[in-house]
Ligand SMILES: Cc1cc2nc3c(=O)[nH]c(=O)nc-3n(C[C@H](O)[C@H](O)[C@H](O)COP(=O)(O)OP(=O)(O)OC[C@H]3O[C@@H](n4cnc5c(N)ncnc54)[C@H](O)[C@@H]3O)c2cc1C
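Next up: a single chain in structure tokens, the form predicted alone.
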């Protein structure tokens, strides 16, 4: 393992050392080809406490604050080269679980959180549809009340869900789905409700795993709901609160889901610096050439700027201050910086970076999705511009 370049926080260091030893998987390249989740690695991380970092101890978690939890995930990104495994754990830990803990009933939290934390169950967050990506609330998945009191949604015995969600992270492996559906598509955000739906519910069908450019070890598929019936106790929050739940989840996810990627950027920088010292061309290390040296400097600058944006958003969140703008800025900075630095690493490694066996090209493919998932970079810029317009 190469030495950390900076900001060697003991919490982060501890996770780096653990992940480097326990999540060093020699079959990564083949699993990347096969698009297979490393379930043993998932369980090891759960046993170590990664999934429960930001979950209350009452539900089996570690009860850490947001900054300590982010340090753990940053260390995970540095120490574990399987970015697909890391991303899968991160989306559950920073999207699904916080919403369940914040909006769930006591019964819902007791039913799901301990199993999610200990690794015995996995979860998927279902909002995206084929025709409603950035236009989130233009969804066509609908719900209707059922039962003897079906005339009133808030008093219904249950609900029936119909529709299809697309590009759902972890769907092929999930045991429970957090599903967003609308009473009427014409209502936009005002018609949305969130449901907790178990994978074995009749009418719920998970499509085949969809191969993708990067993060290939994260399962990814469509989910279809054909007259799926759920009880009233499976509504998360209250009927009609789906937009508020989604907004809360995005404020967390936009910034924090990229914490492992910042750790991976630091590892990539350390490895690229080391390679530039030992690789000789024209009788000298390639790092002595200004073109290479400047690439390394840019990688360092991007990493540090991304890390500062991440923990600025975390500080605002921890202080219960508005953090939507900071989260969007962190998402833009981190996602675009990761792509640029992965490209610089590939250029520095040359042919060795382009072939599959050394993992450099895999790093580039893995970070490409960061400018898309959780809201595209364009959408994040719209959020920032809108927030600027609200200032007096």
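Treat the numbers as computed from the prediction; the structure is a model and nothing was measured. Residue numbers count along the first chain shown, from 1.
Missing here is the form predicted in complex with this ligand; even so, the following discussion is about that form.
- Partner proximity in the predicted complex, defined as non-hydrogen atoms within 4.5 angstroms of this ligand, places exactly one of 107 to 115, 222 to 230, 120 to 128, 307 to 315 at the interface: 120 to 128.
- A residue is said to contact a partner when one of its heavy atoms sits within 4.5 Å of a partner heavy atom; residue 164 fails this definition for this ligand in the predicted complex, lying far away.
- This ligand in the predicted complex comes within 4.5 Å of a heavy atom belonging to residue 134.
- Interface membership of residue 24, defined by any non-hydrogen atom within 4.5 Å of this ligand in the predicted complex, is ruled out.
- Taking the partner from the other structure, this ligand in the predicted complex has a heavy atom within 4.5 Å of a heavy atom of residue 376.
- Site annotation in the predicted complex: the residue of 176, 235, 215, 100 reaching within 4.5 Å of this ligand with a heavy atom is 215.
- Shown without its partner, this chain lists 196, 168, 299, 85 as candidates; in the predicted complex, only 168 has a non-hydrogen atom within 4.5 angstroms of this ligand.
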